[in-house]
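Heads up, the chain shows up twice below as structure tokens, two forms, tagged structure 1 and structure 2.
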Structure 1
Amino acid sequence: MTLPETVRLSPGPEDWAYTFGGRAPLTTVQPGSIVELTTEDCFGGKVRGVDDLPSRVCAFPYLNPVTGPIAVEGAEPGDVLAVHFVEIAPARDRGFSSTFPHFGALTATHQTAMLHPALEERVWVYDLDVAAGLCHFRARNSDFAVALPLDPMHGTVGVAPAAGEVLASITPGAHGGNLDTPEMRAGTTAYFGVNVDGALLAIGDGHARQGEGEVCGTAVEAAMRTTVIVDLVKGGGPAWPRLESDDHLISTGSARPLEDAFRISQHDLVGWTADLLGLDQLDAYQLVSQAGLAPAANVCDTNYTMAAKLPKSVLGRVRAYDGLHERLRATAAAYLRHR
């Protein structure tokens, strides 16, 4: 196997983007290219210890920088942009999490507006042990500590939105963005509907790990060294971001209230299943109802995100996008062997 072209992208702070849309591409790549990139954490690297309260060291709206946009040659509205995550590795040996005033699932927010003062803002520092595959939680107000599995992923992956919109990088939606699903890990392929020429992919918000729902509003935030393969399918762009792992097809929906995020994700998965298996809509609805999984992605961002998962075992020999995920897995394996 001849490996495709490899592009490197490691922007400095002056090149970080804070939106999807509204920016010229940092680089343009051919479909099929391997891109090795770096991403800063959601705090822009400014939280370095427990005393660095995000509301003090970060300045709105300079939160959640993303690397990109990356234009993909030939991508046109209506196409599918496939982004296969080859590797996601923490760039430093520490990750950080925090509460943030009026942000998170169990606090009043600017949208779920209430008369309560903000919860205490507190920072947690996690030591990341890549060799052992662990990240270390230490309580701030007691001696409790526990090691959790390292499970690196990207919270924010997306393309330029439709209709000329420019959306803050903290917002998840039909264009992707801040989906904050732990499914966006190495070995996964993400599919986005292309809205503008070049698609304009951007990636950021690495998490050393994340619970489902991202309840407190932040994960174990970490700068990342990440390798992706960027590919293109002409036509057939999905209405909402989809993911594919070795084991599952995954549809996402991002909306409020949370049942609408659920409905979007399930509706898309029902349609995807019907298409792949030649089922009528109700038969697909039934199959997804009995075979599917429905984990929360985030319940803290400006839109909430749900994932709808179908085990690929029910597909038999059928493959989504003509087996693109499997081909990208093979290319990724070759890349990892040969670098």
Structure 2
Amino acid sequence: MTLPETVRLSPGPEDWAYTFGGRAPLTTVQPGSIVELTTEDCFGGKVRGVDDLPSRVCAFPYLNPVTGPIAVEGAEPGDVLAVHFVEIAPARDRGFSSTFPHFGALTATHQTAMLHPALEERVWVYDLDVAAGLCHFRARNSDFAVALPLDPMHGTVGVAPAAGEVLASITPGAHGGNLDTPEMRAGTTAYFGVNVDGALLAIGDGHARQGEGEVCGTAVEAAMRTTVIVDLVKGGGPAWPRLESDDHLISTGSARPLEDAFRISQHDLVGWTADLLGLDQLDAYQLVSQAGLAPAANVCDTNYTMAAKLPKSVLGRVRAYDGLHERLRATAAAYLRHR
């Protein structure tokens, strides 16, 4: 197999983006290109120990930097941008997590006002052992420790929004953005509806691992070295970001309240299933109701995000996007063999 062009992108702080939309591209690539890129963690690399409280070392709104935007030649509104994650690897041997006084699922926030005191701000340091595939949790107030499996993923992936809108990188929505779903790991293909010429892809917010829901508001935040293959399907852009793994089709929805995020993701999955299998809406609704899964992605961001998953085993020989995921997987395997 002849490998496509490889583009390398390693921006410094002066080139980091903190929004989707509103920025010129850092580079332009051809559909099918392999892109090797680096990303900084959500703290911009400023949290380096337990005494580096984010409120002291980070300045709002300069949180959650993303690498990009990357323009894709020929991408037009209404197209599908496919982003296949070939490899995601921590760039350093430490990751960091934290609690915040007014951010997270189990504390008062500006939208959930309470009279009781807010949570303490606290930082946890995780040692990352890439060779062993482990992420080491150590309690702050006891001797408890446990090794967790390393499961690198990107919390923030998306394209420029429609209609000239500019959204902060911490906001998930129909453009993607800060979806914070653990499904966005190596081996997964993400599909985004293109809203502007070039699509303007950006990627950031690496997590060494994250539980479903990202309950405290942060994962094990880590800088990453990431390789993706970026491809384009003309027409047929989905209304909401979709993902495909080897085993599942996954729709996402982002909104508040959480029930509406759930409804959006399920609605998209029902429609996707109906289109693929030629079913009427209620037959697809019934199939998804009995075979589907509904993991929470995040329950703490400016919008909440839910995922809706359908096992690909129920599809038989039918393949989404004419088997694009499988073709990108083959290219990824060839790249990893020959790099």
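Residues that one form lacks are left out of the comparison. Under this definition, the rigid core comprises the largest set of C-alpha atoms superposing within 1.5 Å between the forms. Keep in mind the model is a prediction, meaning the values are calculated, not measured. One-based numbering along structure 1's sequence throughout.
Enquirer: Where is the form predicted in complex with a further copy of the same chain shown, in structure 1 or in structure 2?
Expert: Note: form predicted in complex with a further copy of the same chain is structure 1; the other is not.
Enquirer: Which consecutive stretches of at least 3 residues differ between structure 1 and structure 2 by 2 Å or more at every CA, rigid core held fixed, listed in sequence order?
Expert: Run with every C-alpha shifted by at least 2 Å: 113-118, nothing else.
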